[in-house]
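What follows is a pair of forms of the same protein chain, given separately as structure tokens and numbered structure 1 and structure 2.
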Structure 1
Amino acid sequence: MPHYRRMTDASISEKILDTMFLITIGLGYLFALAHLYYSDQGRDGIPGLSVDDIKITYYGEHQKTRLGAALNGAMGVNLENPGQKQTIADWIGRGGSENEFNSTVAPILNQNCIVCHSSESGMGLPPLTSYNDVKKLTESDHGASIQSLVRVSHIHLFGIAFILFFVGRIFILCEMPVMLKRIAVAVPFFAILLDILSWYATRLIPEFAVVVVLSGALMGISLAIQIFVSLYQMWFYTPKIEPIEM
């Protein structure tokens, strides 16, 4: 019979390498979740991350402006005080004249927002460096643009695929029923594909925001299971040895 490698075949050095990799990936994913929370929470005007926040992120609030929606979400916390937020909101409400922008709005943006919202930052965020740039964001909020979704999609697919592949390569050394293992390594790939496709669906049909949340949760849970099961079998699991019949 062919012999397949298992955790018991790995050397201590290999186990240490795999362990540090899995721990680093796990911590990185937690920080990614924290970034997601602080980026999207509060868009609906209520503290905390909810399905409505995800709807607004991808579908938008058609009755509001993109800049106004950002002020109620992630952008608002970067301003020094509520008065600055109100100044920008009042400027939007009065039609967004260039003279008022230069005298009252531009100084606020230059002080609090330009570090990230500029082409030089390389962060891919909408620039807020000129009146014309900001004026575009005072139009009706239709959520994430196709251009921004495509940019984020290819980054996620390339980056996360590598992470899932290497975590899965470690996980397949675990001892468990073969069918369960096959399902476990396939689920996170299915989840990330569903997650990203549902971004585009939510841009058209806001109810798909639920799919974004569920598919993201499925990927996170499946990744966590692979990491914890791999670490357990690497260091604590003792395989059963079948007795040899005489």
Structure 2
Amino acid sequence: MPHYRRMTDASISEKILDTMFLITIGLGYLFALAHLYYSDQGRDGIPGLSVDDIKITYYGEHQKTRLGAALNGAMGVNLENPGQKQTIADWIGRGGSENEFNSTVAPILNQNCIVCHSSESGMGLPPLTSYNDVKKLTESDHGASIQSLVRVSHIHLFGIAFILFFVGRIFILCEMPVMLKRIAVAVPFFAILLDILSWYATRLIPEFAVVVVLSGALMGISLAIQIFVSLYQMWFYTPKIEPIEM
């Protein structure tokens, strides 16, 4: 019978390395959740993260504009006072003329937004430096652009594949029924693929926001289980010795 490596085969140094890695990844994941909370909460006007916020992120609010949506969401904090938001909203409401843009809106954007939203910033964000650029964002809000989804998808897939692979390699050293392990190592990969595909689906059909949330949760839970079971078996678990068959 072939011998597969188990936790008991790992040296103490290897276990320390694995433990530090798992703790760091776990913390990183918690910060990712906090980031998600801060960037998407309150988009629907109600504080706190909800499925509706996710819907607005990907599908948009077709009766609203991207500029207005951004200012009601995470971008609002960049303004100095609510009066400025009103000035911009009034300008959009009156049809967004170039004259009014130059006299009232451009000074606000120059002061508060273009540090990040200009081609010089190198952040790849929509520029807010000219009338035409800003005018485009006052058309109705169709959620995240394909370009921005593609950018986030490739970063996520590359980054998360590494995390899941290394956590999974450690988890494989645990003792458990073999079918359970085979399923458990595949689940988080399945979940992240489904999560990312459902971003695109939500862009077209807002009801898919539920799938975004559920698959994201499934990835988080399955990753957490792998981390906790690995840490437990690494340090606190003594496997039963199978009697040697003669």
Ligand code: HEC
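These figures come from a predicted structure and were not determined experimentally. Numbers given to residues start at 1 and step along the sequence of structure 1. In this text, rigid core is short for the largest set of C-alphas that superpose within 1.5 Å between two forms.
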**Complete:** Output row: form predicted together with ligand HEC located in structure 2
**Complete:** For Glu80, the CA shift between the two structures after fitting the core, in Å, is 4.3
